[in-house]
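In the block that follows, a single chain appears as structure tokens, in the form predicted on its own.
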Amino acid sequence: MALLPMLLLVSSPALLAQTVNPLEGDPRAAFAGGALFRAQCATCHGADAKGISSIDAPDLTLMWSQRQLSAQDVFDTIRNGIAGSIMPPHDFTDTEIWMLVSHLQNVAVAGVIGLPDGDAANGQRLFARHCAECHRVRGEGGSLGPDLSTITARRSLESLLISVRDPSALIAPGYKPLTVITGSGETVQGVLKSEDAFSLQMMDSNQRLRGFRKQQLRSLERPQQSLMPVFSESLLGQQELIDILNFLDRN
């Protein structure tokens, strides 16, 4: 695989067993890693590294903030794959893997930067009124939607604003809407939690985990609209939304 031959010159035993990326900060490495990623990894993780929800491939732009990962951890995952998952091992050279790590470090989401000032106390009240039924913060609240305890450290300000104003634009794995009709005629709406060829598990709109055998269902639908309501500015003003984000940012 020929990617920027001048970078391949750095292949050496010095690249082995590194705890940090030896190419970190080199824009040529991130550029070459991006080309390699789009050629070899985008089928599952998307060209933007944000994952493909239909196969539950994770958003790799969030992995640095969601977990305490080192560059070596990511290197090892690319090299060895993940047992029991669709992530296979890869026989890239060490340099190519470090270039991939450079690219992923380059596109990583660093969280909210430049959050405008807001009233966190008012944000807490607004969160309790509009959000807490479905979202948890520090162990309190609902579970139908994602836990927001560390959301401002994981998502950019732009993506958070979009997720409130247009929640169907990007639905995270584990929160895809699902509607089933059981053999007895009961209609159950909720979010899909896990699925195999024969069964599925979902959290219904009353936040109860339920399991079903597919052959016993009358129908199974996968709506494209998120269960989260659209919060237009008439329902939640822009400053009110900023207040909520200030509350979340201080948790």
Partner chain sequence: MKHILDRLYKVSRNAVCASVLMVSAAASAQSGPDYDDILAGFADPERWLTYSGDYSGKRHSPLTQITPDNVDQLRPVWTFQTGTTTRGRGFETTPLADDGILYVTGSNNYAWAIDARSGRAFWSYRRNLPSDLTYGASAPVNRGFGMLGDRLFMVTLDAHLMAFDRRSGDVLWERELADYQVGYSATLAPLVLDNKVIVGISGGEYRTRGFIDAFDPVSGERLWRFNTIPGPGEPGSETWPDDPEILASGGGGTWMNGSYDPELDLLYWGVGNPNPDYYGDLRPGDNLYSNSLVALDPDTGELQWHYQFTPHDLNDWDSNHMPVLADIDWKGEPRKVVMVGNRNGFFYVLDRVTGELLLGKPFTATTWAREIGEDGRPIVLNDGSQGCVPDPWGSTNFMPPTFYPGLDLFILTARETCATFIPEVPANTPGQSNFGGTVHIDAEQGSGALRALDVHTGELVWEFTYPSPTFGGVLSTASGLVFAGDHEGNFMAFNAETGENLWHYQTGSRIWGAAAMTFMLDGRQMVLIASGTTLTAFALPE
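Positions refer to the first chain, counted from 1. Keep in mind the model is a prediction, meaning the values are calculated, not measured.
What comes next is about the form predicted together with its partner chain, which is not displayed.
Within 4.5 Å of its partner chain in the predicted complex, a heavy atom is found for every one of Asp147, Glu195 and Ser199. Note on the interface: of 221-229, 208-216, 30-38, 43-51, the segment with non-hydrogen atoms within 4.5 angstroms of its partner chain in the predicted complex is 208-216. Proximity to its partner chain in the predicted complex, defined as a heavy atom within 4.5 Å, singles out one entry of Gln124, Gln105, Ser156, Ser143, which is Ser143. Among His90, His130, Arg165, Arg136, the residue placing a heavy atom within 4.5 Å of its partner chain in the predicted complex is Arg136.
Interface residue remark: Met203 is counted as part of the site for its partner chain in the predicted complex, having a heavy atom within 4.5 Å.
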